[in-house]
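Given as structure tokens, the chain that follows is alone and in the form predicted on its own.
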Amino acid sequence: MLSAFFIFNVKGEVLISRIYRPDIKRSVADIFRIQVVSSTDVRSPITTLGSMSFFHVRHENIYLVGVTKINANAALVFEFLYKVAGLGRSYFGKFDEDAVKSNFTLIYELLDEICDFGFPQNTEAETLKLYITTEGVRSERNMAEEGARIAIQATGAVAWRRPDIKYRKNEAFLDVVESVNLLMSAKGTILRADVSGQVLMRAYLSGMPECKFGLNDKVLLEKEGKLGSATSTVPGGGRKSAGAVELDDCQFHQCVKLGNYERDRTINFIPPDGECELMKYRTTENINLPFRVQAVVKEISKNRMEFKVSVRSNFTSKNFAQNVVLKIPVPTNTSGVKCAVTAGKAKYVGSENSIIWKISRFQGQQDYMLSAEAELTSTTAKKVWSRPPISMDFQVLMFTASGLMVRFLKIFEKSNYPSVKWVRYMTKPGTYQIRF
């Protein structure tokens, strides 16, 4: 598949060069430097010149480049490049030009292990760390024991987990983290609203456990015949039809058994040890907005402008938001602002041409108000103020804007040990903007 792999710095200098096939020469690096690194008009991560295709990914201050002369699967090539970047972070903490220059030998050793004659092999960091170490000093007995483990893990069906992991206390944490994207008009009409979410798993479990959890997925509830006309409460107190959520786009970690998900919509998996991103999803239907913001701006005179901003939390009073920040733009010719708020603190920040209103703890079903008066300086040019939208930052615990809910989480292991399971929810903003 791949004929060569290169790592360039931002100047176009070759840091790493690995030729996998004899159909190209190292001099092709000059072509990439001239056509991509030195060019100011690069619109695609794929550059085809003659019979050669260059696939590149910019990571930190380096370029990861794959070169091929055949009609290769582009998605597979990019997945390989991102895996290399992930391996670099796993081994060096930060994968940049300095890390590459300090670890030439280790990087070449990794490239020989993860790709054979241009075909990607095992790219799991936990497996590679068993026999490619930064120290490189091990006893013969230890090497023999590790060799047996490596053989099982590298050839087995579960390459992301060792079978001999042991914990005194077996725990599993499931975190549902959602980012809400909102664009609201000055009249209160929702122009765009969607949720991008991820399910994060932190597993500290012994042996080879099989985990299973289910969501209030609309397709699943329809199959089980539980989707009726009744309403049910979702995390944070929102009301949805039978608690059903319609997921538009789901992506899973490789440990998830996709066959089971397609068949009965349950998520079965043997989790990697430690933390992993188990699932990503999007939804655009029935979004529960955590906050409602209304703003009124009046021009009292040429040199004075009045702002009134009210914000209300839509989640239940049992929940609260923390680190709430509203950024309210003011005209560029503002000389000073007098603020009065019913909660938190507000001040004018001239470098950002904005009023920053901070509320450390925002209880559910509460209304808070900001009143401000801005003094404007006279300008010679009569330029109309564009009125940029109000933006918002927050963290709402135990609330999901999509209404997604984990219905159950089960852990099965042959020794049948007791385990502690935790499920947590958090909602934060992606781009949360309100026009006024």
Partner chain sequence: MSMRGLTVFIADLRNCRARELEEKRVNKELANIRSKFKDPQLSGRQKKKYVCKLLYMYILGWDVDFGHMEAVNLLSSPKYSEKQIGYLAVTLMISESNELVRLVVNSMRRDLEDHVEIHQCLALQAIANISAREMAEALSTDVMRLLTSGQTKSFVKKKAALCLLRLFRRHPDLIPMKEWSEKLLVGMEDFDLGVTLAITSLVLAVAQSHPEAIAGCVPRAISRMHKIVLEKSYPADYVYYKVPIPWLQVKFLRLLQYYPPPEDSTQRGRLMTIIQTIVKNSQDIPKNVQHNNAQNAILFEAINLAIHVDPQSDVVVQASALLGRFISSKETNIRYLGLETMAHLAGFAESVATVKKHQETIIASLKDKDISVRRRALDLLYSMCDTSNARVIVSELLQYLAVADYAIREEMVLKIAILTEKFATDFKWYVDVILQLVAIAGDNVSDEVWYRVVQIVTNNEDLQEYAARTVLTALKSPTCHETALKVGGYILGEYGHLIANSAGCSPSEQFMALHSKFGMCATPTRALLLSTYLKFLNVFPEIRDQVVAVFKQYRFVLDVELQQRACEYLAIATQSSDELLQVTCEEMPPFPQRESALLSRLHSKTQDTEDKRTWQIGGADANKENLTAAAAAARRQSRRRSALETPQPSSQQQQQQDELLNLSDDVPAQQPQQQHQHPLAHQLHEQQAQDSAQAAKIAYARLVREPNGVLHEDANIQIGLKTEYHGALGRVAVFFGNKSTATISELTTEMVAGDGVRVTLLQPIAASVPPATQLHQMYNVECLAPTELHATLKISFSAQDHQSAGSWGTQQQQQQQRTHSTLELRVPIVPTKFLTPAPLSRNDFVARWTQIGGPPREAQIVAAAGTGLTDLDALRGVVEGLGASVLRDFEDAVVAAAVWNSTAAAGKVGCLMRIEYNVAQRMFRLTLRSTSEQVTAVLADQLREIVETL
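Since the model is a prediction, treat every value here as computed from it, not as a measurement. For the two forms, the rigid core is made up of the largest set of C-alpha atoms that agree within 1.5 Å on superposition. Numbering follows the first chain given and starts at 1.
From this point on, the text means the form predicted together with the partner chain, which you will not see here.
- This chain is displayed alone, yet in the predicted complex one of N286, Q294, Q198, N333 has a heavy atom within 4.5 Å of the partner chain; that residue is N333.
- Checked against the partner chain in the predicted complex, the residues D367, D30, D393, E375 give one hit for a heavy atom within 4.5 Å, which is E375.
- Among residues of the shown chain, K25 is not one whose heavy atoms approach the partner chain to within 4.5 Å in the predicted complex.
- At a distance threshold of 4.5 angstroms between non-hydrogen atoms, Y82 is out of contact with the partner chain in the predicted complex.
- Contact between N353 and the partner chain in the predicted complex is found at the 4.5 Å heavy atom cutoff.
- Under a 4.5 angstroms non-hydrogen atom cutoff, the partner chain in the predicted complex lacks V384 among its neighbouring residues.
- The stretch that touches the partner chain in the predicted complex, counting heavy atoms within 4.5 Å, is 344-352, out of 314-322, 180-188, 344-352, 269-277.
- Within 4.5 Å of the partner chain in the predicted complex, a heavy atom is found for none of T47, N73 and R424.
- Of the residues in 10-41, those that come within 4.5 Å of the partner chain in the predicted complex through at least one heavy atom are, in sequence order, K11, T40.
- Residue displacement note: V420 has its CA displaced by under 2 Å between this form and the one not shown (rigid core superposed).
- Annotation: Cα of R407 displaced by less than 2 Å between this form and the one not shown, core superposition.
- Fitting the two forms on the rigid core leaves the C-alpha of N61 displaced by at least 2 angstroms between this form and the one not shown.
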